[in-house]
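Take a look at this single chain in structure tokens; it is the form predicted on its own.
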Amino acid sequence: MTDTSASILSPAVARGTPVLDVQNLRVRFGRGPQVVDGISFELTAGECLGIVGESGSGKSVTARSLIGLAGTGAHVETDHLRLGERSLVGLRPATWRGIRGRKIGFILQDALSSLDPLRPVGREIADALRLHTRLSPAARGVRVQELLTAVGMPEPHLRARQRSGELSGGLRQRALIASAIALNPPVLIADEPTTALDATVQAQVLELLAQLTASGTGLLLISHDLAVVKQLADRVAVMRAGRIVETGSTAEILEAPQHDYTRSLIAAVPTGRPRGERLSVSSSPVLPATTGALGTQTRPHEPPVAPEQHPVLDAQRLTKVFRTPDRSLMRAVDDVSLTLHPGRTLGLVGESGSGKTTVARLLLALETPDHGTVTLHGEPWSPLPESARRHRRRQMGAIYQDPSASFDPRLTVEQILTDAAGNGSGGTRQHRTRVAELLDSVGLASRTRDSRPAHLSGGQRQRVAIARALAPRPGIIICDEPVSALDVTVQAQVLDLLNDLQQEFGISYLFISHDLGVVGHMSDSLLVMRGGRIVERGDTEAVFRSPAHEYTSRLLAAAPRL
């Protein structure tokens, strides 16, 4: 981390001073069951407490309850909840507004919905400074640039003028972190703060968070990434079904876990696990042998086709140029070629803003290339008029990085999946059976069918997105960070599911991820992307064992490990 980033961190309070005390916190919605069921913990200045657990375990509800944002219909009870010497029980909304940001910073899991899409991110970060400090407009502008630099934002002067929709997922996450730390609050709650970040930028952000704790900030870190928790946390609390089932020092929890659930979390980490090895606790395939998410249209598994034969998707010399807010041209994708073969997985890794998602959109024909072509099963795909592609779109599915932005919030899960399967509005026994199969395949309870996306956790929404991609029975799926929102146990189930589907039906995947452990486990071959170009390609195991490009070496070295 640069001297500039270090200089913006001012000491909070003396290390070891209690900054947050939570005793017997209970939260339920309406007349439903307790989603947080009597948890207690303390946080001191200069300490990082990590909370880990499966999606829906109550981690994020706990975090939101600590800042008065548990949600509509939430009933929050606690024996006491204190920020330093101040009670946070029964505060009015106006009082909470004076605490959030200034006394408690909050990094949300969902960067896209947390940032105002109508305003440049620089102005949004500056708002906290305008409301809570006496800095002049010029001084606020300098501070914004310092914050963006501290969180590893490339070209901070340019990015500050862009709106959230113009930024990649990783860049949005960095802008959100900059906003949360703008006022140096004594307590920082980070809910999956590095979910969308590549390894090198993740390392920068983790170093920044470590500097914040060293300055006296109390950090409550919520993460499904155990390697990140190991790197930052002093203590770990393992949460399941609204309760803390195990707590202790980080070394105790990760090296000698006592609870079966904690052991299953650690066993599910994919880093270093061979291609095809099962990660989830169950030894049986997630997908039944002859039925499941793709219905009854089964076919025997065929050996992968030799690389020189019959590609299912082929892109040649793709180039895409965008105009930036200052009217200059940015080459987001620069002369990229790739080939995807039947029943194979091609991994694509690179830093945020390197062009990975733009490549995915070009392959899906959601963007038109300025130069280059894409063929699907040997026939022209892009550029073509949409009318010529529409009847073939079901051959290619997609799992997006941000499921919230890709769902109609008015529809239930059942309606989303039925529509994706092309079965009309649903309601018949056949349609309901189909939805049940899809939900079961991605590890969701059947009652989820009646929920709307806004009422699901981030991990649950991502699983619905995967089920939706499977619904039309595609032969190719473009996976853009498909497990980034999932805890390790559900991630393991989903990765096993994707492997099962590939073995059973010969599905081909383009697998985009910042998580090198996931890509290493899932991919047969690998592309490394930087600055819009492919800088390295080859067999995944060979690239991991002996990277040829200096950037690939830095990516591998920066990845946190258990």
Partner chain sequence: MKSKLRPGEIVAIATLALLAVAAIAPGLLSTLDPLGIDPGQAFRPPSAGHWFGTDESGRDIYTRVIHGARASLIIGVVATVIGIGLALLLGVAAGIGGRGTDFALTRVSEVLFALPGLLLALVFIAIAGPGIATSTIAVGLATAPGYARIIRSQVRAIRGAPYVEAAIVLGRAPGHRLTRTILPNAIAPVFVLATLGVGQAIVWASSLSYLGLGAVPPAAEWGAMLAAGRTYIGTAWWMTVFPGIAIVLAAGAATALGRSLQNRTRQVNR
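Positions refer to the first chain, counted from 1. All values reported here derive from a predicted model rather than from experimental measurement.
The same protein has a further form, the form predicted together with the partner chain, not shown here; the description that follows concerns it.
Asks: In the predicted complex, is there a heavy atom of the partner chain that lies within 4.5 Å of any heavy atom of residue 393, even though the partner is absent here?
Replies: Looking in the predicted complex, residue contacts with the partner chain include residue 393, since a heavy atom lies within 4.5 Å.
Asks: Can you tell me if residue 407 lies within 4.5 angstroms of the partner chain in the predicted complex, counting non-hydrogen atoms only?
Replies: Because a heavy atom of residue 407 falls inside 4.5 Å of the partner chain in the predicted complex, the answer is yes.
Asks: Is residue 224 close enough to touch the partner chain in the predicted complex, meaning at least one heavy atom pair within 4.5 Å?
Replies: No, residue 224 is distant from the partner.
Asks: Using a 4.5 angstroms cut-off on non-hydrogen atoms, would residue 361 count as touching the partner chain in the predicted complex?
Replies: The answer is yes: residue 361 has a heavy atom within 4.5 Å of the partner chain.
Asks: Kindly confirm or deny that 419, 422 and 472 each have some heavy atom within 4.5 angstroms of the partner chain in the predicted complex.
Replies: All of them do, each having a heavy atom within 4.5 Å of the partner.
Asks: Pick from 139, 366, 321, 436: which residue has any heavy atom within 4.5 angstroms of the partner chain in the predicted complex?
Replies: Here the answer is residue option 366.
Asks: Could you spot which one of 279, 374, 398, 338 gets a heavy atom to within 4.5 Å of the partner chain in the predicted complex?
Replies: Selected option: 398.
Asks: Based on heavy atom distances of 4.5 Å or less, which listed stretch (76 to 84, 464 to 472, 312 to 320, 226 to 234) is in contact with the partner chain in the predicted complex?
Replies: Checking each option against the 4.5 Å cut-off leaves 464 to 472.
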